[in-house]
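Consider the single chain below, provided in structure tokens and representing the form predicted on its own.
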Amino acid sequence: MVRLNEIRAGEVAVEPPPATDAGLVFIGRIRTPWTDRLGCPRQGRADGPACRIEVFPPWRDALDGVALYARLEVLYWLDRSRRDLVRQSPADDGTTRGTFSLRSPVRPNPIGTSIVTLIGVGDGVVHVRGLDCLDGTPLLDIKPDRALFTPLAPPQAGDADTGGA
């Protein structure tokens, strides 16, 4: 069971360096049914509860065209997550793995991402299913699911590069 700010057997925390401004701007807030980590799902589900992504007024014009996509990628700032664990024990059995091999919200830069199913868009609000974050989570970005998106700009040289010899 997830506990708030505990260190489980075998986990390793470090003293993070002072934060420097990466220039991120929160462009909205996410509204979900979950108010604490103990009740929040670990992974969003396509058939999960309907949630609202409220985009702040200066960014609402950026929603034009979003309704063309059945799925979106939503990036958000996990503002209530700790940031100091480099090894974690998700099963709480003393066995640990590196943070970068997990989808845990506990990470040096707590950026969450979910592929969500679009329900609808209107008046600066995007209605979706498939989120796994707490109510009030700050919104960083919304993008079409890369599996559904074809670039609209003309091709450029690197677009056709492959890993062949």
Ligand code: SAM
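Note that the structure is predicted; figures quoted are calculated from it, not measured. From 1 onward, residues are counted along the sequence shown.
There is another form of the same protein, the form predicted together with this ligand; it is not shown, and what comes next is about it.
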With a 4.5 Å heavy atom cut-off, would you call Leu72 a contact of this ligand in the predicted bound form? no
Mark Leu78 yes when one of its heavy atoms lies within 4.5 Å of a heavy atom of this ligand in the predicted bound form, and no otherwise. yes
Consider Gln43 of the chain shown here, and say whether it contacts this ligand in the predicted bound form, taking contact as heavy atoms within 4.5 Å. yes
Are any of the heavy atoms in Gly48 no more than 4.5 Å from a heavy atom of this ligand in the predicted bound form? no
Would you check whether this ligand, in the predicted bound form, lies within 4.5 angstroms of a non-hydrogen atom from each of Arg103, Ser114 and Leu134? yes
Partner-free chain; cross-checking this ligand in the predicted bound form, the single residue of Arg29, Arg60, Arg37, Arg129 with a heavy atom within 4.5 Å is Arg37
Among 119-127, 104-112, 50-58, 63-71, which stretch has residues with heavy atoms no more than 4.5 Å from this ligand in the predicted bound form? 104-112
